[in-house]
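What follows is a single chain, given as structure tokens, in the form predicted alone.
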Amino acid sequence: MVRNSANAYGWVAVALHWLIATAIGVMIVLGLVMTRGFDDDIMAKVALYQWHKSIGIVILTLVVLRLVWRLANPVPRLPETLKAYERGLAHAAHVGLYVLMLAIPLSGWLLASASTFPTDLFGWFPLPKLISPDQAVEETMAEVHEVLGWVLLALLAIHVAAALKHHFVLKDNVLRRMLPIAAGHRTTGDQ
């Protein structure tokens, strides 16, 4: 099934979810490696930063596509067994994830724009600057970008823990409906 239903995610939503999740995982590792290593090899460090920035723009693009898809498709219902506050927490967590998945690449783009160092997307073409180079803005955006990254990491840990709780403790369909192997193989009554 391509589109979402009231009970299940379609393969487009599932594919976007896992593409973004994988890219974020790569970015977390890349971000930690590039800021804590390669000080003796400046060319390797520059290459890692360029990859980080390029993948960040890909994530931003995928998140915008995912938001458009989400607005055009119903979001599957949560199980009826969840309490109102649990539904509220789930909604707040998803809103937080979307805000961070937009804010982090945008803050990175502002950081790169404030720098005097050029950014080439995968070496194909230069990334347009959003603002003129400004060292004070660059330093501020570097701090904002890092803090947002740590907040995202914490929220992702909660997101994964909640999905595992749904699967192993509550034994409902919340995790299964987002698994790639399940997309398109669900009945409309899945819960």
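Note that residue numbering begins at 1 and tracks the sequence as displayed. Everything numeric here is computed off the predicted structure, so don't read it as measured data.
As for the form predicted together with protoporphyrin IX containing FE, it is not shown, yet the points below apply to it.
Mapping the unseen interface onto this chain, residue 78 counts among the residues with a heavy atom inside 4.5 Å of protoporphyrin IX containing FE in the predicted complex. Contact annotation for residue 134: none of its heavy atoms lies within 4.5 Å of protoporphyrin IX containing FE in the predicted complex. At a distance threshold of 4.5 angstroms between non-hydrogen atoms, residue 70 is in contact with protoporphyrin IX containing FE in the predicted complex. For the chain shown alone, residue 32 is a contact residue for protoporphyrin IX containing FE in the predicted complex, at least one non-hydrogen atom being within 4.5 angstroms. Shown without its partner, the chain has 34, 35, 36, 49, 52, 53, 56, 57, 59 in segment 34-62 as residues with a non-hydrogen atom within 4.5 angstroms of protoporphyrin IX containing FE in the predicted complex.
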